[in-house]
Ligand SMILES: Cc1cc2nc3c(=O)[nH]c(=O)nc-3n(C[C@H](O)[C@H](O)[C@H](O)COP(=O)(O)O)c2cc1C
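Encoded as C-alpha cells, the following chain is the form predicted alone, with no partner shown.
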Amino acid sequence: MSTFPLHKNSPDSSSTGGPKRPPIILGAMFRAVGAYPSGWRYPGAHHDPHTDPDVIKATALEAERAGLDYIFFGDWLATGADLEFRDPYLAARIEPLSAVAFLSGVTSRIGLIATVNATYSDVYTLARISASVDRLSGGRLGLNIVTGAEPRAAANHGRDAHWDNEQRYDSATELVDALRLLWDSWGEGALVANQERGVYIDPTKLHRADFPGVHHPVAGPLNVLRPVQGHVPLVHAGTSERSRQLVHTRADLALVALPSLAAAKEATDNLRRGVAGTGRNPGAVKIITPVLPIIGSTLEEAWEIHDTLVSLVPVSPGQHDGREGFPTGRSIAVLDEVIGTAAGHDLEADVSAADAAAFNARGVHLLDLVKHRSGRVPGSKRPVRWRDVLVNHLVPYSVVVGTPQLIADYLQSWYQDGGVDGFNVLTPYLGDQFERFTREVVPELKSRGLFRGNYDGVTLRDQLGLAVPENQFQQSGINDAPATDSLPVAR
C-alpha cells in the first residue's frame, strides 16, 4: 500500500483548471561519500575520497544522461575529527568551483552549481572565476551563496572570530550587488574586435563598478566578458530574517527545508508573497526542497536498505563515547532529553508498546518517522528499537523510503500540493542508489508528464525558466562613464 497520496493527473489545466505548470526541477546534490551519516559504510558504497575525481565525473554524466537540471556542490571551510561521525562527506572534499570548472569540459548540458561563502570571498576574484566558468561551460554555472556556520573557518582565513549573523548578511548582500555590477562591466558592443578598423574596445561601453561597500568595495571593470547568462543564477538557503530578505530581493533559487507536506503550502505561499512584496515577480524565485530517497525494487527491500544504514550509524550506549570528536548527542541519555522516557534502556533493545504510550509529542513524531521509513511499529512483527528512534532523531533530511513508484508519488504530492518547484536530491550513498533514482524514478516522473523528456534550453537559466537580466548600466545609466581612465596599458 502506498504511504503517500497517489496522483494520476499531470499538472496541467485538465486537473487543476488553471495554466500548466513548468516541469519539476530536479537537481543532484553531490556528496561523494553519501548524504546519510553511515552511507560510506554501506557495502559497495564509494568511501575513499582519493577517487573523488572519477566519481564526480561519473555522477555528473549519469545525471546528465537522465536529464537532471543541475548537479549541486556544497562546501565547508574547515575540517576535524568530529566530522567523521556527524557529516563524513564534509571531512575531505573537492573545492566546489574547481569541481564545476572540471565538469564544464566533461559535460555539455547539465547545470553546474557551486557553493561560495560570502564571508570569506574576494568579490573581484569570485566575479572573474564565475564569469569564466560560465563562459567555459556555455552558460551553465550557478552560485549558491552562503554566509557560513563553522566557527573554525575564521582562523583558517586569518580572522579572530566568525562574524555574527547581521554582519555576515551585510557582507553577503554587498557581495551579490558587487558581483552583478562587475558582471555587467562589459556592455553590449563594448568588445568591437574589428580587424580592418583596428578597433578592439568601445571605451564608452566598458564600465567601472565603483562599488563603495564596507565589506566588498571594488572598482572594476572586470577583465572577463559578461557571463553567457548575463548574471549567473544565485541560490540561497536559510531561516533567519536576513536570510529571507536575501532570498526575497536577490535570489533566483530558494533552498527551503520544509517540515511536512501539511506545512509546505503555507511556507511556499509566504515565500512568494515575500518576493512579491519587494516588487519582483513571485515566480522569479524557484522554490527547491531537499529530499533523500532510499529506493528498493520492493518496499521490503527499501526498508532493509534503510535498516542497514541505521545499524551502521555510530552511537554511544553511555553519556560519552570517548572517541575524539564523537558527538555528545548520540546517546540514550540525550534521547531521553528529547522524548522523556528513554533513560536506562539499551539502544539495541525493542521499544515496547507501553514505552511508546508514554512518549511525549516529539517522541510520537519520531515513532511516526520510523514507521514511514522502515515499517516498524512498537510491539509488532517489525518492532522499533531505541536505536531506530535515536538515529531518526539525528538525521535531519526529508528521508523517503520505497519503490520508484512510491518515491514518484512523494515528489508529485509535494510538487502539486506543497507548491514547491523542485527538489535537491540527496543520495544516501553513491553506488546503485543514485542510478536507481536516475534510471527508475526519473522515467516514472516522465511517464506522468511531470518531468520533461529532453533538455529544453542551452543555459541553466533556460532550464530553470529564468529570464536573462538586462545590463544594469544600459538599463538605467548607472555609472555610465567610460572606464578608460582606469585601464592599464597592456604589457
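Treat the numbers as computed from the prediction; the structure is a model and nothing was measured. A residue's number is simply how far along the shown sequence it sits, counting from 1.
Only in words, not in the display: the form predicted together with this ligand, which the text now covers.
Listed stretches are 212-220, 361-369, 377-385, 142-150; the contact stretch with this ligand in the predicted complex is 142-150, by a heavy atom cutoff of 4.5 Å. Using a 4.5 angstroms limit between non-hydrogen atoms, Thr204 is distant from this ligand in the predicted complex. A residue is said to contact a partner when one of its heavy atoms sits within 4.5 Å of a partner heavy atom; Arg168 meets this definition for this ligand in the predicted complex.
The closest non-hydrogen atom of Trp76 lies within 4.5 Å of this ligand in the predicted complex. Although the partner is absent here, Asn117 is a contact residue: one of its heavy atoms lies within 4.5 angstroms of this ligand in the predicted complex. When contacts are defined as a non-hydrogen atom within 4.5 Å, none of Ala32, Pro49 and Thr51 contacts this ligand in the predicted complex. Taking Ser316, Ser104, Thr403, Ser243 one by one, only a single residue has any non-hydrogen atom within 4.5 Å of this ligand in the predicted complex, and it is Ser243. Among Leu136, Leu97, Leu255, Val224, the residue placing a heavy atom within 4.5 Å of this ligand in the predicted complex is Leu255.
Residues of 226-253 lying near this ligand in the predicted complex, listed in sequence order, are Ala237, Gly238, Thr239, Ser240, Ser243, the criterion being any heavy atom within 4.5 Å.
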